[in-house]
Every structure is written in structure tokens, then in C-alpha cells.
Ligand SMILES: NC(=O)c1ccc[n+]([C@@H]2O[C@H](COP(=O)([O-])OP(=O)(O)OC[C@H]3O[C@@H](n4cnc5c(N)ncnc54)[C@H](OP(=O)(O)O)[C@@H]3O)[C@@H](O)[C@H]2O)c1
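One chain follows as C-alpha cells, the form predicted on its own.
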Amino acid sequence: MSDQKVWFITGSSTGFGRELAEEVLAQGYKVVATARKPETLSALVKKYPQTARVARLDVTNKDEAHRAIEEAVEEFGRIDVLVNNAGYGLMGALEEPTDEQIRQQFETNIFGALNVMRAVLPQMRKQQSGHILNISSVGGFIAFPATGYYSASKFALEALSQALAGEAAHHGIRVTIVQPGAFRTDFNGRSLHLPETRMTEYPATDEFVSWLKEMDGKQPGDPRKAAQAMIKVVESENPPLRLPLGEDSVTAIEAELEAVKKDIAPWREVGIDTAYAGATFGAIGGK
């Protein structure tokens, strides 16, 4: 049995959110599970009437985010863990999606996450404790053909998470960026959004989208094991800032780090030799 931390999980109707809510409840924690259609979560409350609660939340609605957080605190008295899981993937070449599709991708994946974080932070500061898990992706560290807008939203989420980790540590608030690879959720199916008009000029984009569709239902990652890994991180005394999940994510990120070093190396002196004569630099941030 756990110490009954209170978890607040967005996008809990399917995928990672649903698996995580079920595993967290099974391990004895309290959960406020949220979804745009809360009736999809009624089975959770029926199975765990003492520890599960459901709240309506469209993360793009700032007022709903504040209301859901307030309801959670009224019910359980605190929020120990926020999981920003709600999101989807818009795939396509940079020229393909409409302006509306592009803006909606950012409204959900980045501004939606911000709405919830900004709503929960005052409570966590009051508690002087808390842990925020922001669900990113291997695509939040590496951009592939067709993932430009999705990856841009996740890159932004990772930047905000890293900044927040430094800002909020003083208040006992921890931040972890979760970077899943290919897991057997509905990301490659229902949650995969494509432009209304496709172009033939970008074959690499078509190849990647076709691969995503072919992988649907065959992904190697087990969402329940991912949920268990996230719980382990929350219970850790020294949680990481970044948590890649899946061998594909771990090895791809490791390879990308090496590629960046290799890319920088031959141009290192060119980059360094751009200061005024005699000027010296300290560490960024003064540390």
C-alpha cells in the first residue's frame, strides 16, 4: 500500500492516461482522472469508489483547468502528482496542414499543458511539494520527416519543463519529462491527425506516415509497464528530469546526443571565435 498520494491525470479516457489511472489506483493511490467526456471514466469510480474521482477537462479551456484543480483539492485536500498526458499527433510536411490544424496542435499539446500547470502550481507551492510529469515523446527530442508540428509542440513542452524544474525546485516541486517511443496506445490510430490535403513532393513524409499506420497495434511498448515506470519515478528520492521509455526511445536519444556532438565538433572553434578581443564568458546563468 502506498502513502496515498493524490494524482491528477489529464487525457484519462484512453491510452497512457487510462492505463496510468488504472495502475495508480490498483497500487492504492488516489486519482482525479480527467477527460473531455467524463462519462468514459465511470468504470474507474465504480471499481474504486473511495479513491477515484472524475472531472471534466478540456485542457484548452483555462477556466475548466482551474475548476478541475479546485475540485480535486476540495475532494482530496491536495495534489501530489500532475500528469500532463492529454495530446495528439499532427503529422505532415510543413506545407500541408491548414493554419487552423497547426494552431490546434499547439493549443492542445503546449497551451493545454500550460493551462493545467499554471493552475496547479499555486497549490503545490502552498504544499511545498509536488511532482509534475509532462508526457513528451522521443519526438520531443528528435524531429523526423512529418513530425515537424508535433515535435515542435513537444520540444516546447520540454523547454518549459526544464525551465520549471529550475524555478520550482526551491518549493520542493519536481519535474520529469517522459519520452515514450512506440507504445501500443491509440496514438498511431485515433490520435493520429493528418492534413486534409496531401502533397506528392515530400516522399519522406509519406514514408514516415505509412510506417506509423503500419505500426498501429504492433508497437512493442507495453503501456502498463510504462505506467509502472512513471510510478517508480514519482516514488524515487532522485527522479530524473528526462525519462525515455522503450528501447527505441532510449537508443534513438543516445544516438542523437552523439550526432549533435559530432555535428558541433568540426565547427567548435568557429563558434568560439566570435567574441570581442579580450572578452571572457562565464557559465550561462552565472553558475
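Residue positions are given as counts along the sequence shown, with the first one as 1. Since the model is a prediction, treat every value here as computed from it, not as a measurement.
Beyond the structure shown, there is the form predicted in complex with the ligand, which is absent from this document and is the topic of what follows.
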Next item on the list: Would you check, heavy atoms only and a 4.5 Å threshold, whether R190 touches the ligand in the predicted complex?
Entry: yes
Margin query: Since only the chain is shown here, I'm wondering whether H131 would be in contact with the ligand in the predicted complex (any heavy atom pair within 4.5 Å).
Written below: no
Next item on the list: Would you check, heavy atoms only and a 4.5 Å threshold, whether V32 touches the ligand in the predicted complex?
Entry: no
Notebook entry, point to check: With the cut-off set at 4.5 Å between non-hydrogen atoms, does T108 touch the ligand in the predicted complex?
Noted result: yes
Next item on the list: Tell me the stretch among 24-32, 257-265, 53-61, 232-240 that has any heavy atom within 4.5 angstroms of the ligand in the predicted complex.
Entry: 53-61
Note to self: Quick check on this chain: which one of L164, L194, L121, A182 has a heavy atom within 4.5 Å of the ligand in the predicted complex?
What the structure shows: A182
Notebook entry, point to check: Going by heavy atoms, what in 120-141 lies within 4.5 angstroms of the ligand in the predicted complex?
Noted result: I135, S136, S137
